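Just the one chain here, laid out as structure tokens, in the form predicted alone.
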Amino acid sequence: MINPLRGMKDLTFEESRRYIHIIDTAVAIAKRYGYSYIETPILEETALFKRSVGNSSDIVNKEMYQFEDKGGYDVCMRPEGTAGVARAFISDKLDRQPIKQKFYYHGPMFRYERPQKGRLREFHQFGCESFGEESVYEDFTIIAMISQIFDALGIGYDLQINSLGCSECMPPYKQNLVSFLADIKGDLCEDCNRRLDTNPIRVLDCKNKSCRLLLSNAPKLINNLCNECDSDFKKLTLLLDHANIRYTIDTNLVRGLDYYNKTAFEFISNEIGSQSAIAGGGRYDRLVEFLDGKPTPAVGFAIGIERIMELVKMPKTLPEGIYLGAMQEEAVELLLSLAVRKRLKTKVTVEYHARSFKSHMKNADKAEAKYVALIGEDELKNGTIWIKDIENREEKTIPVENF
């Protein structure tokens, strides 16, 4: 027997219903905010992610499904969605248009890491990317949209926010941080020491408990922001306060990808084990330029679908559609022709074999049908069909041509 690869999982039965419910809910809300659907390839040039996500990130260093294809090209399975959407934005020359663009996407991503609860090697994300709006009002609007998605799904969360500054306030802060880290370098983990040499800001993202304790006294970027970044961050907190969206400021929140600047945020759940982030994102005003596009402000987020699967409160399933059954074999083909017409408007379940009345009623219940329609010996003789509204227990017999 051939089983799924480690870290890969089939999506079937109840989980598939949950997945569709999550996507349908998120899409409906994203559309209300003016977002339109975009689909990008699962396979991209490796250079796309090295230039956007960054060589210092764990994704590029450890986790990419990277290989050389038969044409000799260095390619990889997409590990995240933002870079591909930004690449498409540039490829279609949308960066040359004055119109602001908003996209939503959903689909599989791939990272080679240790599988655990809520984290697979093939996983799914729903995300949104907004291009062309530099106002912090858009940062707030993105956060408000995510909070509405989680509220609609019945998921509790804590919101954490921070500011990562800009090209003006980041360099002097980085110097202060490097000086601080140099004094504790010997006590930091291997990953922290590697990041210290490549991107010292990422050290603040370490999940090692002993490192986090040492880093609690590190200089805080939020205390070293330039006037513009400081003003934007204060405005963001004020907007969240006015909207009654609760949050905490996490001064060590830096996100795992190199392209972020200014606003960074994560939505946290304490119900899924150690991997508590269920959504995250922020502003990335330099990414389009990094990918050879025209400088374009941008902000976005992604929700980890597998992370929230077990947290979703599913709505009660309501009876739907029609169950068609025959108690005479001669009536089965007639039912099949009726089903074709009825499926233009509603869900139809057809039993291909003649059954007893009791068996059909049981099957209709399993199919969660609203109506059951049966043809027995008398109905076949009279050219009629018997119909029952299962919920209201109302029943009637009508001519087949009126069905």
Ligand code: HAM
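The first residue of the shown sequence is 1; numbering continues from there. It should be emphasised that the depicted structure is a prediction, and the values quoted were computed from it without experimental measurement.
Another form, the form predicted in complex with histidyl-adenosine monophosphate, is not on view; read the next lines as being about it.
Taking the partner from elsewhere, every residue among Glu80, Gly304 and Arg307 has a non-hydrogen atom within 4.5 angstroms of histidyl-adenosine monophosphate in the predicted bound form.
Contact between Glu113 and histidyl-adenosine monophosphate in the predicted bound form is found at the 4.5 Å heavy atom cutoff. Residue contact with histidyl-adenosine monophosphate in the predicted bound form: Cys206 places no heavy atom within 4.5 Å of it. Within this chain, Phe89 is remote from the site of histidyl-adenosine monophosphate in the predicted bound form, having no heavy atom within 4.5 Å. In the predicted bound form, none of the heavy atoms of Gly165 sits within 4.5 Å of a heavy atom of histidyl-adenosine monophosphate. Among Leu177, Ile143, Cys192, Ile278, the residue placing a heavy atom within 4.5 Å of histidyl-adenosine monophosphate in the predicted bound form is Ile278. Note on contacts: among Cys226, Leu120, Met327, Ile161, the single residue with a heavy atom within 4.5 Å of histidyl-adenosine monophosphate in the predicted bound form is Leu120.
Partner proximity in the predicted bound form, defined as non-hydrogen atoms within 4.5 angstroms of histidyl-adenosine monophosphate, places exactly one of 68-76, 94-102, 246-254, 127-135 at the interface: 127-135. Contacts between stretch 145-181 and histidyl-adenosine monophosphate, counted in the predicted bound form as any heavy atom lying within 4.5 Å, involve no residue at all.
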